[in-house]
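One chain comes next, on its own, written as structure tokens: the form predicted alone.
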Amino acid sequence: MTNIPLQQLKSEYSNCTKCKELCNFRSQTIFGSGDLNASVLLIGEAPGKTEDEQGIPFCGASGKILQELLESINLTREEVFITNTILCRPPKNRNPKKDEIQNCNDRLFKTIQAINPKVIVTIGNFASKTILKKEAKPGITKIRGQVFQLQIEDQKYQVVPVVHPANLLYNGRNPVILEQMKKDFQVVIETTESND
């Protein structure tokens, strides 16, 4: 089943020129990939080098961990939809700037409405702060694996913040961190099933 509003949004943002620095640096906008009518929507931070080259979010080293986490709850990449807080790779993979996040906000919230997922998974601090605003102030480690409410117009969504897979790489694939991440993904699937 095709999702017309999402396809229109993708087309509208394929040549976005709102952020001059990002436009000059990116090779393409990375809109997202997966099931256009997914029950689970994952939102990351920003595309990295590999994503910018291949046009797919989370296709590098972090993507392999994300795939492992999805498999731990019997989901595949094809069954979820993955996008980012911003659509373009920042220079040297720096953090997204406030105005860049702001420029991409309308697209992000319209993406949520077009997919209408049962659960939104915010990956890392930037996605969590963008979606949850004040609830995300303590930082991802304090709110990870909890369920929050997001309201867009008259629609309510369940949001589960999780630690970014890159965190596992920075910590030498520490098995304790991996287990924590798998527990957070267990919350994702339980929340999805409770909304059936």
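Residue numbers here begin at 1 and follow the sequence given. On a predicted model such as this, the values are computed, not experimentally measured, just so you know.
This protein has a second form, the form predicted in complex with a small molecule, left out of what is shown; the following refers to that one.
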| property | result |
| --- | --- |
| Residue 46: touches the small molecule in the predicted bound form, heavy atom cutoff 4.5 angstroms | yes |
| 4.5 angstroms heavy atom contact with the small molecule in the predicted bound form for residue 129 | no |
| Non-hydrogen atom contact residue 39 with the small molecule in the predicted bound form at 4.5 angstroms | no |
| Contact label in the predicted bound form: residue 62 to the small molecule, heavy atom within 4.5 Å | yes |
